[in-house]
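Single chain ahead, written as structure tokens, the form predicted alone.
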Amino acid sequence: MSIALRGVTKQFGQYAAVENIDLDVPTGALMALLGRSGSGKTTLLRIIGGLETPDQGQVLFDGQDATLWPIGDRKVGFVFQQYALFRHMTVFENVAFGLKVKRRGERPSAPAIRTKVQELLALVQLSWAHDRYPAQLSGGQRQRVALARAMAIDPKVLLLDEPFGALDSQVRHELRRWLRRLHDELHFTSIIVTHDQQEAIEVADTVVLLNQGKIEQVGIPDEIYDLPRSAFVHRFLGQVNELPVLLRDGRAYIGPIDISAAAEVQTGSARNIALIRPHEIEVGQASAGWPATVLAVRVIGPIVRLDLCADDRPIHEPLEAEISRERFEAERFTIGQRVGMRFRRWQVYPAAA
């Protein structure tokens, strides 16, 4: 099922949760709504699912106006952060619940329900747990039960609201990969709400970055990471170093590095900033590039992060560079060492951005 939002606005009192949102979700897509708390992503999900009604605008399912459709007519499955499983029911009974409460004319027979639940438990790799209770399962297993229950009613759209937020890092990583494989196998239309940049980039076909109720940027993960359209997007999607762009004699500089040929800088403005990701800083011999001093060295698995204090820059505002473990093993940078910096890439924005 395809989903389209046209001019969707929702206010709570004087607060605009979402404002004039236009968005298209193609059939079979897995889209991530990404943003900080209060950005409007959960409100948007609830509007799509029928848990909230927009003050203005339309929600279209396969081109039909579904704005006022009741939840039961939307063929939507929900998966929430807190699982919402019935504690007094077994795993089998939890997954079967949505089928058993259907209207008499739509309710499958008991054998059909049993077959359907068994198939779903096999799909989420929990056949062995059919007679267990939620309290006997881990957080990751409970979330897979919640997903199986959502899928039991054969939804055309699956809506996931921070589904992995209550889990530890390793379990989140495993479930992200599992969800992506499951989606590729079943091809249902899915929308996942998250504040985790890595989760959105790893899982989704398309990322929608929201800020204060409005869409900042929509794109495939590589595009939105490599070609941010605003300083907000650039900062939100990973660590950045922020440096002033200095204008002298019609030329633009980051420190002593002339970026005039590559930077789109309004020379009439005295205030621009350059944002540079840590892995976009090359570190080498002090004679090559912008001289700096190593303030800290942190080995983090396959990468090494260096805090660098560049010449002519306050010591309390270090730059962060990121290099491979192999490069570090070869160079062995140490605290207090003089090095030289070069920038592989940067992006310039107005300072007020």
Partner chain sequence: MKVNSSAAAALMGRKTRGVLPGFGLTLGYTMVYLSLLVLIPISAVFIRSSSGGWAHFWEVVTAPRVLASLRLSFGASLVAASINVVFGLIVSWVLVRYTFPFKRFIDGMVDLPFALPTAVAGIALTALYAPNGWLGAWLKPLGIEVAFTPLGIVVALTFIGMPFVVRTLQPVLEELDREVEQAAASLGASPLQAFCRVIFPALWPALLTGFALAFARAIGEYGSVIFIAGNMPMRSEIAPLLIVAKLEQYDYAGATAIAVVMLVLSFAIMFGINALQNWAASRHGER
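What you see is a predicted model; the values in this text were computed from it and never measured. Positions refer to the first chain, counted from 1.
In what follows, reference is made to the form predicted together with its partner chain, a form of this protein that is not presented.
**Q** Within 4.5 Å of its partner chain in the model of the complex, heavy atoms considered, which of Gly289, Gly40, Pro318, Pro54?
**A** Selected option: Pro54.
**Q** In the model of the complex, which of the stretches 7 to 15, 327 to 335, 21 to 29, 341 to 349 has residues with heavy atoms within 4.5 Å of its partner chain?
**A** Checking each option against the 4.5 Å cut-off leaves 7 to 15.
**Q** So which residues in 116 to 138, when you check its partner chain in the model of the complex, have a heavy atom no farther than 4.5 Å from it?
**A** Going through 116 to 138 in order - heavy atoms within 4.5 Å of its partner chain in the model of the complex - there are no hits.
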